[in-house]
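In the block that follows, a single chain appears as structure tokens, in the form predicted on its own.
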């Protein structure tokens, strides 16, 4: 008889996710991802001025607002028939790139690494680092009351196997603390051109409203240099250390085996060329991406909308309490198949496409250090490795985009909102493929639909009963202790879920 385990909520993610698993003979046999709230952004947008969209949709998420703003202005630009100028394109890449860096750093150090660090190691610390000594003192006050310290970043947590060696754990904890400053630094870097963060003020159809100056270029470059140093000397080695300590997680968390990316970071004004290319991988083979193949099922979602609709024709008609439904997430599918999105998808597609030799070189170097193959990347630990590799690649590329800026020249173009029009904005959030579908009628938003990364990854079963990517990744995961299912939590967090986005 199957043993049911409810993890509600999954902590250290963005938003409210519950995961229910059924365990047979010590392994997960069935899994269910449950988005437990409804927000209705798509209904909020109906009837509003189209220019409200890039500001309102950024409020879907405080971690990746840049991507929502980007998708919105791309959809508007298609509807308006405009493209940004060169400065506008480059500044957008620099804002989005900085957002990638802060998101990847916070995911590893502050959301996922805690699953692998042995907190007891801090008790052995005898050094002079003020931050570590302060943290050590805090740990000493928390041990006796760990069960009633839900606000603490480390406690309470599941019991389990953790990283061996005092030195390795002390280093990881030190970088956890340093990572907080790095994340803030990335925000400051982006805010030079964004006006503020989170929620970019300068992003508009046609580019950005911030002026490009030599002072901003110099300030961004100085902060980027510090971030690149942290990525190279701390982030990448720490991921390698965790990977070496937990080799079994290269065999756990294999998802649906299909990967999708819309492409990230425009290398042309019309967005047709991208630094990280669009594509799909199905059955191990790379193919061109066709946006017309995207549909959404809702049989197991709390909606009474029709199933199998393309996002442009999508409906948002909530039906709480719907029989057999178990989540507020829809089930997007590509050619009827579940698709994993995110850094692993982008890296695999870029690697297989061979469009940039630096991507192939970075991936090969990382795999050689790990003594792994590309097949091993389709795993819980492989997602962490791919995210770290991408972080380095994006940071290096930001330096190149910065050099291409032209101080004093405009960073946006004029436009006129048409009486009616349609547009699709496809981009890549740090967590994966993000799309906004817009229709305008009588100068107002007639319909607006979003399909976000975690809608793909944490989707429920589709109308044919096929589980979503995270649900599939959980199947087969060994659970050593039903009361402490740390293995399942590690697999889920490897996807970096953002339920606030997924239940938009």
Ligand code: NFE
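Remember, predicted model here, so these are calculated numbers, not experimental data. Numbering follows the first chain given and starts at 1.
Only in words, not in the display: the form predicted together with NI-FE active center, which the text now covers.
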| query | finding |
| --- | --- |
| Residue 45, heavy atom within 4.5 angstroms of NI-FE active center in the predicted bound form | no |
| Interface membership of residue 383, NI-FE active center in the predicted bound form, 4.5 Å heavy atom rule | no |
| Partner contact for residue 429 in the predicted bound form: NI-FE active center, 4.5 angstroms, heavy atom | yes |
| 4.5 angstroms heavy atom contact with NI-FE active center in the predicted bound form for residue 63 | yes |
| Listed residue (50, 35, 460, 453) with a non-hydrogen atom within 4.5 angstroms of NI-FE active center in the predicted bound form | 453 |
| Residue among 434, 391, 186, 208 with a heavy atom within 4.5 Å of NI-FE active center in the predicted bound form | 434 |
| Heavy atom contact within 4.5 Å of NI-FE active center in the predicted bound form, the stretch among 25 to 33, 470 to 478, 55 to 63, 438 to 446 | 55 to 63 |
| Sequence-ordered list of residues in 468 to 504 near NI-FE active center in the predicted bound form, where near means a heavy atom within 4.5 Å | 498, 501, 502 |
